[in-house]
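Single chain ahead, written as structure tokens, the form predicted on its own.
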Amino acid sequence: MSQVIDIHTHPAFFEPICADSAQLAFRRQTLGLYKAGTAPLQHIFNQMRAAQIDRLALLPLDLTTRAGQEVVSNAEIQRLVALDPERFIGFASVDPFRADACAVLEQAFNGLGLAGLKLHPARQQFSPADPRLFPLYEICLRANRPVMFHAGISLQPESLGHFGHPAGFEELALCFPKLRFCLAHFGWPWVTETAALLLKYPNVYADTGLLYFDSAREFYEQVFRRTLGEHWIDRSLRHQVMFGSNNPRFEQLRMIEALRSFGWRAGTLELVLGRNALVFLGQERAA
């Protein structure tokens, strides 16, 4: 088994970037995680060890024009990556409606060395194929960086689910066939529509950070074996699905144990748990 990568984690409550109590309160309110405590890095590493995860992709969020500031900044992501570059993969975020959006993204890639762009259509309230975002996508193409989109509904306050519907991403896939982008959360609850996009467009990915409730295994059984059909991922989507947990909202250990119990071919499990992420990140060629 190659390295295991969680392509979807949120470090808003990682202790090294939580010294400012006002910023911490803003994060809790903005993300709808009102009682979240802070986590020392050793706790994060213990979680990774328990779930046998080697690396985490850290996702920030820039809400400058909607909330007045960044929830987690690109500079804070870079600080975390510098603390453990072997375990952390840093993404950038940019509010697409700020006047200096392109300059911010260029600096994130060229100055901070971040590995991709995170966008949240439901919370930042834009359509993925809005031409105003095309300059950002062009920067990603030139830099060989992927885009991670929040897709599906969002539990965050002041988010609008229709911006995250998978149908809104098809025009983007058509206009930018070489742009690798991921529909996070498998676009839940519109998972069939997400799967259809993956079948049609090889540059489109999805992650497994679905919004499960009581039981990760039961939820995955419903989505990946009944809604989609038992063999869809193992036979048809195996090169475009990545493990993502959406931690800290959901538990990595429960999610990855559920996926490992499905009886997928060993090669499929290796792709989903790590190799697809390396291709998505541009660090490995597709098989």
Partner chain sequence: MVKTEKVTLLTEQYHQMIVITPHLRAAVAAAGVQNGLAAVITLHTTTGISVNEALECLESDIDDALKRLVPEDHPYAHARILPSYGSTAGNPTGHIKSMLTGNHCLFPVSDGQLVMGEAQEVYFYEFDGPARRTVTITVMGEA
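Numbering follows the first chain given and starts at 1. Just so it is clear, the structure is predicted and the values come from calculations on it, not from any experiment.
The protein also exists as the form predicted together with its partner chain; that form is not presented, and the subsequent description refers to it.
The partner is absent here, but in the predicted bound form a heavy atom of 215, alone among 192, 215, 110, 125, sits within 4.5 Å of its partner chain.
Of the candidates 33, 223, 256, 63, 33 is the one whose heavy atoms come within 4.5 Å of its partner chain in the predicted bound form; the others do not. Per the 4.5 Å heavy atom criterion, its partner chain in the predicted bound form is contacted by stretch 206 to 214, the sole one of 85 to 93, 206 to 214, 69 to 77, 112 to 120.
For the three residues 3, 238 and 284, a heavy atom within 4.5 Å of its partner chain turns up in the predicted bound form in no case. In the predicted bound form, its partner chain sits beyond 4.5 Å of every heavy atom of residue 270.
Under a 4.5 angstroms non-hydrogen atom cutoff, its partner chain in the predicted bound form has residue 40 among its neighbouring residues.
In the predicted bound form, its partner chain sits within 4.5 Å of a heavy atom belonging to residue 251. Though the partner is left out of this view, residue 155 does reach within 4.5 Å of its partner chain in the predicted bound form, counting heavy atoms only. Taking its partner chain as it sits in the predicted bound form, the stretch 42 to 80 comes within 4.5 angstroms of it through a non-hydrogen atom at 42, 43, 46, 47, 50.
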